[in-house]
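To begin, one chain is listed below as structure tokens, in the form predicted on its own.
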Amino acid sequence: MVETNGVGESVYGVDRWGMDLVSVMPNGDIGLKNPLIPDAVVTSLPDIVRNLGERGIQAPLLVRVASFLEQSIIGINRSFAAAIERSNYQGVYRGVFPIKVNQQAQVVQRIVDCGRQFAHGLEAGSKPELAIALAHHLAKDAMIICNGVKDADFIRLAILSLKLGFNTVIVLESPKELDTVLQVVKETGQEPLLGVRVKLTNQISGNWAKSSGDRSTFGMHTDQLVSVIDRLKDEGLLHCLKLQHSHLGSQIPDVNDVRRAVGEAARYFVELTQEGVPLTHLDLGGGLGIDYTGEKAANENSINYSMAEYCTNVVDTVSFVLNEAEITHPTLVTESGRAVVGSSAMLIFNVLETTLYDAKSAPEPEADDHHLVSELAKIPDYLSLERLQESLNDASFYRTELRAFFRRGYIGLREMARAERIYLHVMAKIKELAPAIGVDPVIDEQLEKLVDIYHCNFSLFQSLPDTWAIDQLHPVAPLQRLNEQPDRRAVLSDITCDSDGKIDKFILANGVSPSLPIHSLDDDTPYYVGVFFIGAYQETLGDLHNLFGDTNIATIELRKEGGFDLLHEQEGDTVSEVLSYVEYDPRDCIDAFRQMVDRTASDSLTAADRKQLISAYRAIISGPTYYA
């Protein structure tokens, strides 16, 4: 085995996408760094997985790293503070976390705890999310921003929560929503704290382009905005309108889009202020992205700016526009969710088995085999760099013809099996020789069709839904043996019975690839793969395809001296739990199965058989949904 200490960087590009949180250790393990303690010892992720396994927390599992999340909260608040100081900006920054990005209780609570020193608040886009926000002890100056479509019950609770000291802002999405607000105000006698969402005309690029621009779903055009202002004046409630909300976009790839959108939002702020609206807060929504690929490029899975640059551009742009108009600087608000929580979680799963598309050895053709079987077996005799393409062409032709003969009944099962094995052996020889020819797009494309399938213990649809739905890329790498040159290439298939359940796009050091360099398996040693930076959206967007439920979850804190503390664990869904999600009562299922067993003739089943059957059924019902 060739050992290469730089495989983690030269093959997988860990140093590019690792965000200084994930690195490769000298022993070839993926290591996790504690960003809050610069001199902390790097902790082996395989060691973490083994330790958790010994505690009964088995893969597949989601690992959340508390310090990663805390670092993101600290980073965005300090970056805005530094930008405000450099620009001599006269307002302050107040961040809010959009609960929809990750509604899990452990995540939201940690954001509240870590963000309290910065008065970091929460954004609620539904009644359940408002209930979550109001169940947390927020800092005195923290805000709750209420976005989305809101009915009277939503608005009533938001308004009444002001009596408890919450800074709950109802962002008006339409003139009609104002009607409901006015109705609740009359009913409760309580004045609201209001915002208004203004649609910007600037449209960003990337996967979420449609979340921006004047065709975006939420917010008001200028004529609607004017009508709301006039209505509030007529009702004597214009003084309640304190916040302008203008969503820049989501996962904005290009920093120049940030500048343009912020400039347009600031212009609206000036105009509204000059209309007599007593605005004190400018909410610029989401947009701050994550560089998933490490390319630092303006594309769908990367960004061409840093967090500090984003904050500087926001502050400088608002400052310039408002200074020109001699308008008092407002409190700046952003609703960064992906950038806050995205890097904090990773999915870990084990490889169960492989389907290999080559073979180390091959049988000799038998005397009565079709002559094309012999022709296929002769290819290694003339295989060379100069005849590599010819050899590929020949192998493809012979196998295609033999398969056609099999379908028509001219050759039998065992002869076809020999032909297939010989073909896989020929491909192994070609794969060994191909790297010496360098980059050849035609040959590389042909060989990509013959990469292995590594069957892994996870559900793409449950744990990585954006990978399936919108081709979102997340870094993927083996957790171990990164000091060894990988000797195979594969796609990763999950355990759902769906052909879409696979990962076939990978971030590598030299770009995005349709296959992952990976190692041959040692049958005696578990082989783990990690998918990194999945903390945003993936947990709550996942579905129950094939009724695979949530994985085990572990929240950890990295120690300064290496190792970790387990802060929280959550067992994955059992079969019983997922059955209840789809309207089955597990007890009814057990009773129905028992009755079937009891109705079976006694001469077909012994008492021991009956006990064994019912016991096996109960074991499934109470056990995990994943491979155990």
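The first residue of the shown sequence is 1; numbering continues from there. In this text the structure is predicted, and so the values were computed from the model without any measurement.
The discussion below concerns the form predicted together with a small molecule, not included here.
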| query | finding |
| --- | --- |
| Options 330-338, 465-473, 293-301, 236-244; stretch whose heavy atom lies within 4.5 Å of the small molecule in the predicted bound form | 330-338 |
| In the predicted bound form, R156 touching the small molecule (heavy atom, 4.5 Å) | no |
| In the predicted bound form, N147 touching the small molecule (heavy atom, 4.5 Å) | yes |
| Contact flag, Y89 vs the small molecule in the predicted bound form, heavy atom cut 4.5 Å | no |
| Partner proximity in the predicted bound form: K100 to the small molecule, non-hydrogen atom cutoff 4.5 Å | yes |
| Single option in P478, G287, G535, G121 placed near the small molecule in the predicted bound form, where near means a heavy atom within 4.5 Å | G287 |
| Listed residue that, although the small molecule is not shown, lies within 4.5 Å of it in the predicted bound form (heavy atoms), from S72, S459, T168, Q251 | Q251 |
